[in-house]
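Only one chain is shown below, in structure tokens, and it's the form predicted on its own.
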Amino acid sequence: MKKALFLMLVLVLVASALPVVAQDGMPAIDCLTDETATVVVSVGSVGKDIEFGQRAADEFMAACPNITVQIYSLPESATDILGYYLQQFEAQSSEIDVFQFDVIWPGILAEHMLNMYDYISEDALADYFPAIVENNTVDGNLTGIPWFNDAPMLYYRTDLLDEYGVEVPQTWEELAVAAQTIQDGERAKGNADFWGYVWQGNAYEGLTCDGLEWIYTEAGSTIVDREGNITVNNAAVAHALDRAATWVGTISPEGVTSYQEEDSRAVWQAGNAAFMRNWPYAYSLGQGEDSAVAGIFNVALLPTGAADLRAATQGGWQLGVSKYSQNPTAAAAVAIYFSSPYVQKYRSLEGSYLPTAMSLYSDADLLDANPYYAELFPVLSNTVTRPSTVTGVLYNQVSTAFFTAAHSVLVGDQDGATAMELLELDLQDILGQ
């Protein structure tokens, strides 16, 4: 597909020939080089992506007039973005200098990215969530700086928990009991459309995320561990999947096996669920004027299993520099500024992008604007990463095999033990073991 169908180039001109000084909390910007350079930064095209990209570019160029920053706007689909990136790298193109990339892509893109540790110290990264920094590190090289964050939460109806005398569930078993209690009560009032728990059960990447949380909390399994060992074929993993299957048609709709994020949110936001597993984006939408649950819900950590572990699948995006860049030092300076806590703060205040800088979750301005950030910090501190870094370019095959097997359990085609035994064989073939 032609590049024009994927990208829109937004040219940003130098706003001032004079450096700016730090003001209103704005940090002094380190240009890293005095050489004249042009740096092209890829950003998303959703919400305020382009607006914030240009704003940060203007701020950077005002401080570093020797560096011109241009913004590429990417398509909405992550699949299309990755496809375009791989085309660029295959051609060893220098067209884009700074790449925005998904948290599951470091292993796929590592050979094409510069080591950001050559430009930013470990001390400077100390404020960023360690799990993301670790995820972005491949063979000791930091592929990208964490830019904005994402991790799912357990949403719950505060009014209904109070009405039925139910505590926020701490385990999956407690969740099932609480969901059934509230569901029975609401249906007795005449709401036949009410469900106890909604989540994402379709056969897609989202089920890998949900499923990873089930098996990690129950067995400590991450599908494939950091040493490359396959960790799915055991009784605890099978039990976690079998347990999830019991929710289908009892506390969750039969149709949950075709649900993605927006399907779950639609049921929840209509006031027809007691609990929901979803990402933070659903919080602000749930407080909107068109929401039946505005002002009567809160969020908590997802439940634990037998392993007594907390887990929320790590999401989010990073900024890294292409090894084919003609201006790598200038590009690194741009990436460092774009991902700085200062930029993250206004992106969070004005665009609801979750910071990757831990200190911002105790920032008074952010807490005033988003009180739920106090609840988010422990969620984001208990994330589990998908095995994308260790499996590299094979991750998509690994994930597809896992969510296909998990889905077969949810719809009753196989039990957990059989599905995981077969999945282990599939993963051995994929990984060449």
Ligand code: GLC
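From 1 onward, residues are counted along the sequence shown. Basically, rigid core = biggest C-alpha set you can superpose within 1.5 Å across the two forms. All of these numbers come straight from a predicted model, not from anything done at the bench.
There is also a form predicted in complex with this ligand; it is not shown, and the following applies to it.
In the model of the complex, at least one heavy atom of Tyr204 sits within 4.5 Å of this ligand. Among residues of the shown chain, Ala311 is not one whose heavy atoms approach this ligand to within 4.5 Å in the model of the complex. Heavy atoms of Glu261 reach within 4.5 Å of this ligand in the model of the complex, making it an interface residue. The closest non-hydrogen atom of Ala330 lies beyond 4.5 Å of this ligand in the model of the complex. Screening Ala235, Met358, Ala78, Val168 for any heavy atom within 4.5 Å of this ligand in the model of the complex leaves a single hit, Ala78. Only one of the listed residues (Phe129, Trp247, Trp317, Tyr342) places a non-hydrogen atom within 4.5 angstroms of this ligand in the model of the complex, and that residue is Trp317. This chain is displayed without this ligand, yet in the model of the complex the stretch 99 to 107 from 214 to 222, 99 to 107, 239 to 247, 139 to 147 comes within 4.5 Å of it by heavy atoms. For the three marked residues, Cys209, Trp279 and Arg386, a heavy atom of each sits within 4.5 Å of this ligand in the model of the complex. Heavy atoms closer than or equal to 4.5 Å to this ligand in the model of the complex belong, across 155 to 170, to no residue whatsoever. A movement of the C-alpha atom of Ala219 falling short of 2 angstroms is seen between the shown form and the other one when the two forms are aligned on their rigid core. Once both forms are overlaid on the rigid core, the distance between the two CA positions of Glu76 between the shown form and the other one is 2 angstroms or more. Relative to this form, Ser291 and Val46 approach one another in the model of the complex, with their C-alpha atoms ending up at least 3 Å closer. Expansion of the Asn135-Ala235 CA spacing by 3 Å or more is recorded in the model of the complex, set against this form.
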